[in-house]
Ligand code: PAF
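Below, in structure tokens: the form predicted alone, a single chain.
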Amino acid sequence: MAGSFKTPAAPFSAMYVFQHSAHLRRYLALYRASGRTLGFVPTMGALHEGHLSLVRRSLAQDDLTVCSIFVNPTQFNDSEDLKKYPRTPEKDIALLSKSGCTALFMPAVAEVYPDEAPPDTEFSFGALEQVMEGAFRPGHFRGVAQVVARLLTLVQPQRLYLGQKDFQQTAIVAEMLRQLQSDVELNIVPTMREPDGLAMSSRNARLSPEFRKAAPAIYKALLEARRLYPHSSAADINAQALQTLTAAGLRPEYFDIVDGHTLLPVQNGRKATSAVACVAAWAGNVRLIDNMVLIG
């Protein structure tokens, strides 16, 4: 695949594909010199309509839209998960080109993390990285912050686009931008769903037919939580959700109702000004996450 795209860039329809950051920066400098705005959509590939919704949002707001495809090794705490992560570069390029994306950055690991790179910025996320995903995937969000910070340095956009499906990740990135005192504007785009409610995810392609049929129980549990909130206690809502997930044959890791800013558990729904139901569950050997804003 890499040999198909020669440096500094190779055109695919109206889109340019870059493998080297120096060539990408040189290309983008021409646009910045004319005062055009730049939107950035970082991805790990295996693209679907959810990713494309981020691209479309950027196209609507920015003069130039750059997407990246980079399966970041530092955010995988399970080496097998990294190996199994779906990779569909040819399909991804075709989808992005058709979408109107201006440029695609597809770097190798050494391009993002060169040996001569300065030490990574140390971030402190406190409870944001200790709850939910952080509890089950130690080190994951340090890896996320590391790669997003690095990519932002390389691309230097005015706006960054992320999907709401990874709600905790958006909170981490927002805090990272605050700690960096960055001027980059973070835009959170609503989750895209399949007709049966399953949140679109690159991991869905790995679901067996049996578990693909069962997986929409996650959305069902979230809808139940929204219906019950705030008239039922968080404990009762969580218990109902876990029962729904288990009855469908899924193996839940957590179902939590948290404050949308701190990610700490909501103790009293009637007094809360922000609440989000967040869930992670195994569908066979595929781990799925989702969330739904309940208030705020």
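Source: prediction; values computed, not measured. Note that residue numbering follows the sequence shown and begins at 1.
From this point on, the text means the form predicted in complex with the named molecule, which you will not see here.
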Pick from 101, 144, 217, 132: which residue has any heavy atom within 4.5 angstroms of the named molecule in the model of the complex? 144
Contact with the named molecule in the model of the complex, heavy atom within 4.5 Å, among 204, 75, 158, 164 goes to 75
Are any of the heavy atoms in residue 191 no more than 4.5 Å from a heavy atom of the named molecule in the model of the complex? no
I'd like to know if residue 39 sits close to the named molecule in the model of the complex, meaning any non-hydrogen atom pair within 4.5 angstroms. no
Even though the named molecule is not shown here, does residue 169 get within 4.5 Å of it in the model of the complex, heavy atoms only? yes
Just to confirm, residue 44 within 4.5 Å of the named molecule in the model of the complex by heavy atoms? yes
Answer among 104 to 112, 144 to 152, 180 to 188, 123 to 131 for heavy atoms within 4.5 Å of the named molecule in the model of the complex: the stretch 144 to 152
